[in-house]
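One chain comes next, on its own, written out as structure tokens in the form predicted alone.
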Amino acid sequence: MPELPEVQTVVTTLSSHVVGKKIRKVLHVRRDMITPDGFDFAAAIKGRTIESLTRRGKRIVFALDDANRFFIHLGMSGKLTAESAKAPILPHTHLIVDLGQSRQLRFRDPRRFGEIRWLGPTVGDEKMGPEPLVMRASQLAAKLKKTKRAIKNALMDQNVIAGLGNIYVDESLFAAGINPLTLASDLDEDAIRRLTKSIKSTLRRAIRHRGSTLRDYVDANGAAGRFKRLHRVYGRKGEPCAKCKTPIERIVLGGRSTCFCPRCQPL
């Protein structure tokens, strides 16, 4: 699933194509991808101008000129691209928006775990945790002291911290030297400071390299991310640790594959 660096890259590469553009018409929309159920999404956005495009967690948030908002969540396999109106329409394309000048916004999602959610004038993120790139260590500490879950599971919770997923939790825990099985509530002040710093540095490096393409992810121009080659633990079971050469181990935690170095990240 695309995480914060991938979603931020989509926002960055898509903005120049859509911000300031008027939505001429909605050429196609799959209604069962829309929340709330039965909402006339096409009618709500037709004729409106896209004023801004931002990211909140893993959501791509569109703000319109009438103060309404909606977001697109890419799910497992979603792609949000700006394309020529003459480009072939691929299977599983669930939204096509005409922006004029022969340009279209297209949302394609073969596995259909994605979502288009109408927010109206609300922000709609009241239950989401802080943004990790601007999060303070004290904010993270306040969230973690409330849970007895393993730190890996806690960081995957979007109510604890917004935007993280399997890849960047594993990479951040490695950079901080924290075992994924460690209870979140057991982390001391120093460990939380290290973790906050490692989350930020890991995400910033990933954004510079335009995210990680494992299979489906591409940016708004159809280009793959380059950060996969810089993964230090994720997806590297049995390979030598970049720091100590100990083989990387893999366990299943919370139903998700979890990779770590048993020497650099002792329990």
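Residue numbers here begin at 1 and follow the sequence given. Bear in mind the structure is a predicted one, so any value in this text is a computation, not a measurement.
What follows is about the form predicted together with the DNA, which we do not show.
- Residues within 4.5 angstroms of the DNA in the predicted bound form, judged by any non-hydrogen atom, belong to 216-224 and to none of the other stretches in 216-224, 37-45, 194-202, 62-70.
- Proximity to the DNA in the predicted bound form, defined as a heavy atom within 4.5 Å, singles out one entry of 172, 81, 153, 93, which is 153.
- In summary, among the residues 120, 177, 165, 130, the only one with a non-hydrogen atom within 4.5 Å of the DNA in the predicted bound form is 165.
- With respect to the DNA in the predicted bound form, the three residues 20, 104 and 208 uniformly fall beyond 4.5 angstroms at the level of their nearest heavy atom.
- In the predicted bound form, at least one heavy atom of residue 2 sits within 4.5 Å of the DNA.
- Although the partner is absent here, residue 158 is a contact residue: one of its heavy atoms lies within 4.5 angstroms of the DNA in the predicted bound form.
- Although the partner is absent here, residue 141 lies well away from the DNA in the predicted bound form, with no heavy atom inside 4.5 Å.
- The shortest heavy atom separation between residue 136 and the DNA in the predicted bound form exceeds 4.5 Å.
- Taking the DNA as it sits in the predicted bound form, the stretch 50-75 comes within 4.5 angstroms of it through a non-hydrogen atom at 58, 73, 75.
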